[in-house]
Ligand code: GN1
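Encoded as structure tokens, the following chain is the form predicted on its own, with no partner shown.
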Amino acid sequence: MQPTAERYGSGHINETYLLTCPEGPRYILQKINTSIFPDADALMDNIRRVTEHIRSKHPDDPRCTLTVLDYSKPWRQYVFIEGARTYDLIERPDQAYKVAKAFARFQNDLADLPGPRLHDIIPRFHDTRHRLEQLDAAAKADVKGRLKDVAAEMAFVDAHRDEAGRILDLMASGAIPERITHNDTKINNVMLDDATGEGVAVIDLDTTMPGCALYDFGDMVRTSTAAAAEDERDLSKVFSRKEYFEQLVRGYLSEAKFLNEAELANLAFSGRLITFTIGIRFLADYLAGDVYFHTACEDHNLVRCRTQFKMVESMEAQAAEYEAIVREAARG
């Protein structure tokens, strides 16, 4: 019997395959999208350093992180993590707690990573001002003639521009420090144990690099509190679930003891900011002709943009409650 390979996962960027060998282990075989990650060697240098450091913290846990077996640009091979799985949509509040705890533990494990500084794989990745510049450029070029169809979305962006630089300014002032972060903290980037439901390992480490802890938490809020899928067309189904937000906060703060006062003060806001930022990215890609994210239909990125902006509205409506949840959890 020959080894078999089949498409695996639901990622937007790389090509991923599950390689199954007869009477042997399984592997993840992945082709790096070098149009998105042109410096794949730097990316893999980051991943090797990060995974080796995490493994040194958990020598008795072979599933604690990815294991890189081989790399030859643009292909890489990982050991498949058995006995655990990922979810595209969180199904219960307790999963939100476990996912947040796993990402906070990931940040803790890397807090003492020795130098040199990790490579910036995608500079200004969560820089909302930069994403606004990209959107404005895409709108000006309007290469597909789609600008006429997104007047409401562009108006929403304009109404929120003033908040775009809040965290950036705090980082520039030194009030919020740079940390090593994952930068793509979706539920499907944590392997949850099949038996216990506990977080086993954080995966998809391509964007692990210097960043802001708030951006990691904010993307958890964006994805883990969502009541509907990222491409849900019926916006009446799209909102941020408070009970899931509360469990995220409690799970994250149970491990993330490194946060300072400025980070805690902006924890709830980070969810709105990152959701807004991702919405901008979907809208810009739609206007640019769908050159970044994989799409299944002509308006896929526009649908995604609309769900993000609806989530921002939901978080804004619950802002006072979300802030109170953070304050209570921070008091311990």
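Note that the structure is predicted; figures quoted are calculated from it, not measured. All residue numbers are counted from 1 along the displayed sequence.
Omitted from view is the form predicted in complex with this ligand, to which the following refers.
The putative spot formed by 37, 186 and 222 is fully lined by this ligand in the predicted complex; each residue has a non-hydrogen atom within 4.5 angstroms of it. Only one listed stretch (134 to 142, 167 to 175, 253 to 261, 199 to 207) carries heavy atoms within 4.5 Å of this ligand in the predicted complex, and that stretch is 199 to 207.
Interface membership of residue 246, defined by any non-hydrogen atom within 4.5 Å of this ligand in the predicted complex, is ruled out. This ligand in the predicted complex is not approached by residue 18, whose heavy atoms all lie more than 4.5 angstroms from it. The closest heavy atom approach of residue 282 to this ligand in the predicted complex falls within 4.5 Å. This ligand is not drawn, but in the predicted complex it has a heavy atom within 4.5 Å of residue 11.
Only one of 80, 125, 87, 239 comes within 4.5 Å of this ligand in the predicted complex through a heavy atom, and that residue is 125. Interface residue among 278, 54, 302, 66, judged by heavy atoms within 4.5 Å of this ligand in the predicted complex: 278.
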